[in-house]
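Given as structure tokens, the chain that follows is alone and in the form predicted alone.
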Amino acid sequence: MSAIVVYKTKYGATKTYGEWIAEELGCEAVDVKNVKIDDLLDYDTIIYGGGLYAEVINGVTLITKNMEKLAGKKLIVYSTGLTPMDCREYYETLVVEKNFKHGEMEQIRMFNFVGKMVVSELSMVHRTALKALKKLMSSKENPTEMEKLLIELCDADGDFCDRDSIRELVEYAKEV
């Protein structure tokens, strides 16, 4: 098996996971800014990772816009974010709908990992967006469970990356 891990990271969690996965698979982890689609054609397994921003996987269009070129490859996409893994509907519905066209998930296996949010490292834009989101969600009279969770997540501060969580992805990547 020839594999490569490609990632797009803003605050480092996606890179951390990419490096862990590459280490387990004995392959290279590369920042997406150093990769062109044609560079990926030599690999049997392509693993792409990006952080989640409003359900959008950062940079996943490298894969989705090139599905024809990548036909026949084992395609794996992972995301990093703060939404707990037990929020299956969020990942299986919202994230999938915002990132993949009908039929693409038949060719892609998706994994999600808890990342990090160190408030002192956030850009001004992201800190401002976080404050606005918390204010908006907090002003709702009868917030849904997801809205309550979003309010909680706005106060998260720390690195929640977990190396053990990559096991299923690594096992899947190794399958022939």
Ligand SMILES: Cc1cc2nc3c(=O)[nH]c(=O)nc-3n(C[C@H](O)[C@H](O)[C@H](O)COP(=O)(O)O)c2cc1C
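Values in this document were obtained by computation on a predicted structure and should not be read as measured data. We number the residues from 1 along the sequence you see.
There is another form of this protein, the form predicted in complex with this ligand, and it is not shown here; the text below is about that form.
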Problem - Partner proximity in the predicted complex: residue 100 to this ligand, non-hydrogen atom cutoff 4.5 Å - result: no
Practice task
With heavy atoms only and a cut-off of 4.5 Å, decide whether residue 82 touches this ligand in the predicted complex.
Solution key: yes
Exercise for the section: May I ask you to state whether residue 147 is within 4.5 Å of this ligand in the predicted complex, using heavy atom distances? Expected result: no
Problem - Close approach of residue 31 to this ligand in the predicted complex, 4.5 Å, heavy atom - result: no
Problem - Contact stretch among 134 to 142, 37 to 45, 51 to 59, 64 to 72 - heavy atom within 4.5 Å of this ligand in the predicted complex - result: 51 to 59
Exercise for the section: Select from 10 to 46 the residues with a non-hydrogen atom within 4.5 Å of this ligand in the predicted complex and write them out in sequence order. Expected result: 10, 11, 12, 13, 14
